[in-house]
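Given next, in structure tokens, is a single chain: the form predicted alone.
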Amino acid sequence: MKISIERGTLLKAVGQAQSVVERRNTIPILANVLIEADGDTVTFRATDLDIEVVDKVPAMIERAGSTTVSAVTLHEIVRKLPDGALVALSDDGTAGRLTVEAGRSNFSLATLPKEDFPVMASSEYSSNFAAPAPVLRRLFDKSKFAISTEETRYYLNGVYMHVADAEGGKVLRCVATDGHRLARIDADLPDGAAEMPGVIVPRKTVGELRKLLDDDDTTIAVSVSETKVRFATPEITLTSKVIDGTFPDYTRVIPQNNTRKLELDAAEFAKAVDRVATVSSERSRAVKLSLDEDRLVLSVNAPDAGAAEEELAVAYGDERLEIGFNAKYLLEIASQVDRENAVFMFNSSGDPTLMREGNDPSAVYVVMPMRV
């Protein structure tokens, strides 16, 4: 194999591959990226047995062939090469070495036989549809903060993507929760998605998928089966197993009868919470919200660190209410708001609180209060 490829193109492809590769693994071949050169295209393939990413890039190919080489090492080398460099990769097949040349730099890397590289079994997808990148980006970006990190409740370690009924008809919905907070984001149902089975997309997959969604003009081809999900652009295909478990009935925890309405500027609120939380104790991070007519007082009282208080002008017309929250949860939820206004709906100091963006029903957040 002998190919020449521009550094920027190579860096993007190898960067995607090395982030899928698990740093600590017991199977040496899984640390490698499979490089296959044919025609005028080079394919980079990496997997951790749960996720597989395949990246096709144009290159000048003198001699077709394939090999596998350490993804992390190759990425580090390419990253440190000067911008605009032309990188030559050559592999003679017998010595078990891949030569990387650019300008005056020359590297020789150990390779492993490509026959050992595991290729994910192809599966039949029961549902195939296309969605614009900005739509998927919004669905996953706004929900991923609520993904649980508790390994024991593995079925919460991802985003539940499914078709749901909303007021205006069926929608494509993403939900994530960790038991303390919940995010429920809706988008218009794409053509062909109506029969899609609900799947839990793992946290790592959500992180990798994000890299495919930066370009606003891209359309993503989404394929879903009971066990796998695939997201593809013309250049990159990301295939992942889904979490084998049942996502709980989240509709039960979304409060329907909260009547006390607080409307405020989300950005101002987030900054104020951040300021008063500076003195809160690391463990509890509790912030108290004291609501009175058209005013909100945020306060923190940490006996070992000190106290803080800040007053905000808000729109609130109900009876007095004092309620406490984890500052981190409040900040994460407030930072999801794209519009100026956030609307909080309270019931009492012990009940879950609902938040939405202005009067937009397509993004709903729930956060549990804490005692302060």
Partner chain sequence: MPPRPLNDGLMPSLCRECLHVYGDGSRCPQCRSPRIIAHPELLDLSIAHMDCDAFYASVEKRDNPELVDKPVIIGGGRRGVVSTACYIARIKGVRSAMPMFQALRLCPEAVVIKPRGSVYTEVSRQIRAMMDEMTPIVEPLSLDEAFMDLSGTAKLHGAPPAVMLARLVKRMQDELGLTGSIGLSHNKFLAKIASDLDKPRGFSVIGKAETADFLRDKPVRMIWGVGTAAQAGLDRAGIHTFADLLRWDKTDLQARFGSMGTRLYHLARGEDRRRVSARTPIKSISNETTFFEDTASVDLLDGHLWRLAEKVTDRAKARDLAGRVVVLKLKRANHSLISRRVSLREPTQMADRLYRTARGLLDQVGNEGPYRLIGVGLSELTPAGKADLTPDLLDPNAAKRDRAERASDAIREKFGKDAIRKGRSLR
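This structure is a prediction, so every number in the text was calculated from the model and none was measured. Residue numbers count along the first chain shown, from 1.
Although it is not shown, the form predicted in complex with its partner chain is what the next lines describe.
Student: Would Asp178 count as touching its partner chain in the predicted bound form under a 4.5 Å heavy atom rule?
Tutor: Within the cut-off, so yes.
Student: Please check if Tyr329 has a heavy atom lying within 4.5 Å of any heavy atom of its partner chain in the predicted bound form.
Tutor: Result yes; Tyr329 sits at the interface with its partner chain in the predicted bound form.
Student: Evaluate Met370 for contact with its partner chain in the predicted bound form, applying a 4.5 angstroms cut-off between non-hydrogen atoms, and reply yes or no.
Tutor: The answer is yes: Met370 has a heavy atom within 4.5 Å of its partner chain.
Student: I'd like to check something about Lys80: if you look in the predicted bound form, is any of its heavy atoms closer than or equal to 4.5 Å to a heavy atom of its partner chain?
Tutor: No, Lys80 is distant from the partner.
Student: The chain here is shown without its partner chain. Which stretch in 192-200, 149-157, 237-245, 220-228 comes within 4.5 angstroms of it in the predicted bound form, by heavy atom distance?
Tutor: Stretch with heavy atoms near the partner: 149-157.
Student: Quick one: of Glu124, Asp214, Glu293, Glu282, which gets a non-hydrogen atom within 4.5 angstroms of its partner chain in the predicted bound form?
Tutor: Flagged contact: Glu282.
Student: To verify the annotation, which of these, Val206, Leu182, Ala133, Ala187, has a non-hydrogen atom within 4.5 Å of its partner chain in the predicted bound form?
Tutor: Residue within 4.5 Å of the partner: Leu182.
Student: Quick one: name the residues from 240-268 with any non-hydrogen atom within 4.5 angstroms of its partner chain in the predicted bound form.
Tutor: Going through 240-268 in order - heavy atoms within 4.5 Å of its partner chain in the predicted bound form - the hits are Pro248, Arg252, Val253.
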